[in-house]
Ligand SMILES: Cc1cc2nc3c(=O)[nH]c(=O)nc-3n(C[C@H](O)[C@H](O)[C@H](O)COP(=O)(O)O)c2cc1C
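Taking the form predicted alone, here's one chain by itself in structure tokens.
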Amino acid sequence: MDLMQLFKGRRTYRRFDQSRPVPEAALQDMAQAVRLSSSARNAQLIRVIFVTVRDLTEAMFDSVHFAADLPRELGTPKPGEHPVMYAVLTYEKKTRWVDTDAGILLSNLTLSAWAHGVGSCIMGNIDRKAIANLLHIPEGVTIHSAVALGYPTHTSEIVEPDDDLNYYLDEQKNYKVPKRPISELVFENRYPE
């Protein structure tokens, strides 16, 4: 897959085909992408738990919150649309670089998933205590974030912005994601006056 096409397609997805598990080849590629992630001082502080067992993924669903900018009835997956997998990022030692390392790792993980057609939703609005209990994460280990994964049942498309940058759903409940033009985001040699 062309790299720019991969970037364009790897959007956030929130409704999944719950009858379709993530295949082993995708899991292996995601694990390798985690392993190959750059990290500050090569400390490799982030650990990832792949949650793939149906009972656990359903229990996880109660501890994550989708699409804060949409009404709950539109942003939260319905039965049959739940994620079939989660990746939970953890760390033991908080450094000033742990969030940067997590961001790089999240990018690698979600891009490698999308290369298999597996959509993702990165979430920070999660019940960390409930997830720690569910996954037997010991004290002293901090949950950074979670990623919901599965084959999407909707599209997510980049559109030109008007005055509003909030994402929205069209009539078919597909996501439309306004993105600023490059000229507003990338500057050459100096910040514009």
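When you see a residue number, it is the position in the sequence shown, counting from 1. In this text, all values refer to a predicted model and were calculated from it rather than measured experimentally.
The protein also exists as the form predicted together with this ligand; that form is not presented, and the subsequent description refers to it.
Visitor: Just to confirm the contact call: exactly one of 66-74, 132-140, 31-39, 46-54 touches this ligand in the model of the complex at a 4.5 Å heavy atom cutoff, so which is it?
Guide: Stretch with heavy atoms near the partner: 66-74.
Visitor: Find out whether any non-hydrogen atom of C121 is located within 4.5 angstroms of this ligand in the model of the complex, and reply yes or no.
Guide: Answer yes; at least one heavy atom of C121 falls within 4.5 Å of this ligand in the model of the complex.
Visitor: K179 near this ligand in the model of the complex, any heavy atom under 4.5 Å?
Guide: So K179 counts as contacting this ligand.
Visitor: Should Q18 be classed as touching this ligand in the model of the complex when contacts are defined as heavy atoms within 4.5 Å?
Guide: Q18: no contact with this ligand in the model of the complex.
Visitor: Look up in the model of the complex whether T155 has a non-hydrogen atom within 4.5 angstroms of this ligand, and give yes or no.
Guide: Close contact is absent here: in the model of the complex, T155 is far from this ligand, nothing within 4.5 Å, heavy atoms only.
Visitor: Could you pull out the residues of 6-21 that have any heavy atom within 4.5 Å of this ligand in the model of the complex?
Guide: Residues within 4.5 Å: R10, R11, T12, R14.
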